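A single chain comes next, written as structure tokens; it is the form predicted alone.
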């Protein structure tokens, strides 16, 4: 079952896990050391991220490392893109207003 990406990233712990595995692949035990919760709780978050295909497991010997799936993160980036354009436009407008006010003070 493939879960909705936005449902998966709705939880701050899962977003933090994504941030960690974006830097480097990690085992569930290593990930659990970053949170004040049980390894089982972290594993449940990893499982949900796996169902959303935001992370994937890659065995390495006896360990399983979780990696970020950047292709699925693109869905989030594509959704945010119009908002980013809106923010950039408003920041440019704010810069223009501040520049005008600065020039009027001189």
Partner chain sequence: MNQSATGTLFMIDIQKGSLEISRIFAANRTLVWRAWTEADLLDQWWAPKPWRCETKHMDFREGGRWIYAMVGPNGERHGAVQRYSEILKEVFFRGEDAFADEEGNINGLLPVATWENVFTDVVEGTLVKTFVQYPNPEALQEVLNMGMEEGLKMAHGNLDEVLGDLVA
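If you superpose the two forms and keep the largest set of C-alpha atoms that fall within 1.5 Å, you have the rigid core. Here the structure is a predicted model, which is why all the values come from computation and not from measurement. Positions refer to the first chain, counted from 1.
Just so you know, the form predicted together with its partner chain exists too; it's not on screen, but the next bit is about it.
Contact check for residue 24: every heavy atom lies farther than 4.5 Å from its partner chain in the predicted complex.
Although the partner is absent here, residue 71 lies well away from its partner chain in the predicted complex, with no heavy atom inside 4.5 Å. Interface residue remark: residue 78 is counted as part of the site for its partner chain in the predicted complex, having a heavy atom within 4.5 Å.
Residues are counted as partner-facing when one of their heavy atoms sits within 4.5 Å of its partner chain in the predicted complex; in 92-106 these are 92, 93, 94, 95, 97, 98, 101, 102, 105, in sequence order. Core-superposed comparison between this form and the one not shown: the C-alpha position of residue 24 differs by less than 2 Å.
For residue 94, the Cα coordinates differ by 2 angstroms or more between this form and the one not shown after the core has been superposed.
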